[in-house]
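Only one chain comes next, encoded as structure tokens, the form predicted on its own.
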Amino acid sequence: MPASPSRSVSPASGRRRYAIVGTGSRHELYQDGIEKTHTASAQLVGICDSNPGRLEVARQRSRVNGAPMPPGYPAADFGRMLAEAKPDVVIVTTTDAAHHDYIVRAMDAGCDVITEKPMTTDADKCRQILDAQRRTGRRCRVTFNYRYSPPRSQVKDILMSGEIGEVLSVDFHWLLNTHHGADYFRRWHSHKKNSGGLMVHKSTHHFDLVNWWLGAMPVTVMATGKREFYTPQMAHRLGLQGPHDRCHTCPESRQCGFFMDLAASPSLKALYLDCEKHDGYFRDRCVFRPDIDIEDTMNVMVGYDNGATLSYSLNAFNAWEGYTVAFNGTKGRLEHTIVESVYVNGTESVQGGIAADGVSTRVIPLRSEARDVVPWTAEGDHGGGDRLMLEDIFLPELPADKYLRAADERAGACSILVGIAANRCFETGRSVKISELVPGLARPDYAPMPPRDAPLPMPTRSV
């Protein structure tokens, strides 16, 4: 597997030089990782954003972190930042649809890149990134923190062990509650031109997990999707006169259960409410407004190159948050469920924080007794995955990872192309081949799985 972009170290200082483009709430993970936890191997030398208010908030965060305040650059001066700050690595945490532009420009300037998922939002932009990587030879890492979450790594470990044999099919159902799910419908994510819809922005996590769990390449996709809850009609069914434009000025804020008070959250107020004057971006748009064009209910079927099939669903208005997944193998079945805590992006709540006793993993052999698995655990966001991922990014020398959790542009492409294909299915009603979107996509590096067509023991005869 190609080395991750964080493994080489600048010989002059012993630290790699990082720049961050995009200073919304997600960038804070990387800024704090550089300035608070991994100062021995990393330094922040520049930040860039289209909003001068958020840019200054990020610079002040360095001061609070006890680190030197890096120079800030407007988005129009991204090239100047690369020339003046001379980063070894550019971390991209902008809106999804802009990822490709900064990734390609950074690689063309001789930088390695770390990008938030999704790698990008459509097939053409995906091809641009793949072409740039081949042209420049630079490294591109896509940060799939769910791979590092201990219970999900444990699922990978069980599958690698061969205990349930070769996986023939997967049933995977992800539920977003009306705190987290609704949040996508009030932000920039609510327009596909920005996010690719939930099939790309959110489900890329899930498709990557399945690709990685199976160690397989997606080949064909069939999908249906609709928006039926976050609509003006639903506002009326809930007894509201709206929809209105935004929560901050909503005349029905006291009656609406989806009201978000930006002013009540110090982090949201600083990042968004206080910065509206610079670009007019409202973080608290009404979730029922008519201009939303992303789906809230989606079902997908995926065929893989090893013969396995995936049945997947995503629902964005559910009563609880989390997922259930089942792997049906030639030797048995693996069932895995996680109930997650409430989360709103940009607040002090914990994303992916696993509720107490919220993890259940069970192995059920063919014709013998099931066993419950004691889940692996760790502290921190995304069930501990964020901390482990940052260590993998910023620590210069780590033991080889038997699970191959670091993901490059090939894995980034495989995950988004399932969602991009699903979006095309929504429009056409026909199945889509991944090879039609990006021909000749190279296979990512996956940890070895049990060989298919291996001899199997005869199941114990039932009495």
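Computed from a prediction, not measured in an experiment: that's the story for all the values here. Position 1 is the first residue in the sequence shown; the rest follow in order.
Same protein, other form: the form predicted in complex with a small molecule, not shown, and the subject of what follows.
- The small molecule is not drawn, but in the predicted bound form it has a heavy atom within 4.5 Å of residue 205.
- When contacts are judged by a 4.5 Å heavy atom cut-off, residue 272 counts as touching the small molecule in the predicted bound form.
- Taking the partner from elsewhere, residue 41 is found to have every heavy atom lying beyond 4.5 Å of the small molecule in the predicted bound form.
- Contact check for residue 62: no non-hydrogen atom falls within 4.5 Å of the small molecule in the predicted bound form.
- If you check the small molecule in the predicted bound form, you find a heavy atom from every one of 93, 143 and 201 within 4.5 Å.
- Shown without its partner, this chain lists 188, 376, 317, 259 as candidates; in the predicted bound form, only 188 has a non-hydrogen atom within 4.5 angstroms of the small molecule.
- Checking 387, 138, 117, 125 for any heavy atom within 4.5 Å of the small molecule in the predicted bound form turns up a single hit: 117.
- You can rule out all but one of 215-223, 237-245, 151-159, 96-104: in the predicted bound form, only 96-104 has residues with a heavy atom within 4.5 Å of the small molecule.
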